[in-house]
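Below sits a lone chain in structure tokens, taken as the form predicted alone.
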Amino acid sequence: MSGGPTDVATLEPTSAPEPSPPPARRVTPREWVRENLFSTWYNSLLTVVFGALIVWVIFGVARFVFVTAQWEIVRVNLTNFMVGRLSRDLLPRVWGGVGVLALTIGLLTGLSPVSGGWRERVGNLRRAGPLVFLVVVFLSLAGTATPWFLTLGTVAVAVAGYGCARFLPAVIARRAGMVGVVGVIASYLVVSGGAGPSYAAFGGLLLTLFLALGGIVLSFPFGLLLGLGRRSTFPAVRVVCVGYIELIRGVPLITLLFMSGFALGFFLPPGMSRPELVTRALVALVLFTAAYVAEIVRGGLQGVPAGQTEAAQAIGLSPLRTTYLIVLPQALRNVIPALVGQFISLFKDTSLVTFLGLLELLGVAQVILEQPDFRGAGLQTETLMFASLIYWSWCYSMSRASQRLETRLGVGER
């Protein structure tokens, strides 16, 4: 045994380098089917039963759509589905408003920052697939070449807006939201003719979109203020907001619509004329939706950690700037799914205005059944299926847009 100094390096354990993980084996389609659909006898039985049920449903729907259904009632009344009783002389204004809206969408698409380049743009187009499919259905039922040329012109306007967006100043890109608001207002002014016919003449899908978009634009800021007011430290503001929210949420929407449509005159000063029926319906939708938006916003505000407010106060921010810059953006980011769900519900709730005598999309689907050529023909399924397709296309597109926004903002990620 040597008495010399011991080399310290020889006493330190030598750690072998960690082996790199083996590359993941690619699962073939046959292996995936065996593991997920036919792994056990009862999984195999369920797969066969539900597979046969799905095939039967698809076959029945396809047979009805392409063989049995009589789509002549939809083809003849396609314009009625779009604009209701609106004078056909005003259709150029409608197309002009659609062109302005397409230009706005093109500008917003060009101004929005996208990291994936053209691949991301193609993905966005795929997300808009339901609306594109709906447009194709409209054009296939039109039977003339004029709608095709008008649609191609609208697409060209949108592409031109996308191309012009890159030449706009950076200050406009930072205010893309204002561009969208201005575009929507300009589209409405073109359709209504400015000082000409008001939205009282709207009908069909045009009225449905007007009520839905107007309800969303007006109810969101109103509900935001109510949600902030419910958490206010001022007792008077808090009591008023709580009373309004609980009162409106405890009343069905159809009741508010009837009160707005028939009983509003009792709450107006003597001699004051009642607003148009569309205005009264829009007011009821806004009041109803704002109460639910307020509760959604309140839930988002409660989800923001108290440390965020304390940190803002520590650096000297005022309560207003703390709410506007720190708390509110985080709260709204966390409640995007709930907000979009409420707006989708609002879009579908616009069908209730038919009880006030307004001829919106679902009302058109019912009224055209009384036309002499189709009375008693039993074509309710065709008209209701076409209206359902329109509702589904818009609602699903809103849902997909919400998912894209959640992904970009990292909702649900830490």
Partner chain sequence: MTDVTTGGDDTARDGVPADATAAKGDKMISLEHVDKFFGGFQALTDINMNVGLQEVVVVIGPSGSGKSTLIRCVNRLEKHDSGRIVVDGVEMSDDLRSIQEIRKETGMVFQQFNLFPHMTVLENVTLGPRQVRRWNKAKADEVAMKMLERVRIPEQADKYPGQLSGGQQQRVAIARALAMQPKSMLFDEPTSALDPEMIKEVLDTMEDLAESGMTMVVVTHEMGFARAVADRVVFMADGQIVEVGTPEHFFTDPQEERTKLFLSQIL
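Residue numbers count along the first chain shown, from 1. Keep in mind that what you see is a predicted model, and the values were worked out from it rather than measured.
FYI, the form predicted in complex with its partner chain isn't displayed, but the following is about it.
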Tell me which of 73-81, 237-245, 305-313, 207-215 has residues with heavy atoms within 4.5 angstroms of its partner chain in the model of the complex?
-> 305-313
Listed residue that, although its partner chain is not shown, lies within 4.5 Å of it in the model of the complex (heavy atoms), from 275, 96, 180, 329 = 329
With its partner chain left out of view, choose which of 171, 268, 325, 145 has a non-hydrogen atom within 4.5 angstroms of it in the model of the complex.
-> 325
Give a yes or no for residue 249: in the model of the complex, does one of its heavy atoms lie within 4.5 Å of a heavy atom belonging to its partner chain?
-> no
Should residue 166 be classed as touching its partner chain in the model of the complex when contacts are defined as heavy atoms within 4.5 Å?
-> no
Tell me, yes or no, whether residue 225 is in contact with its partner chain in the model of the complex, where a contact means a heavy atom of each within 4.5 Å.
-> no
Does residue 88 reach its partner chain in the model of the complex, with heavy atoms at most 4.5 Å apart?
-> no
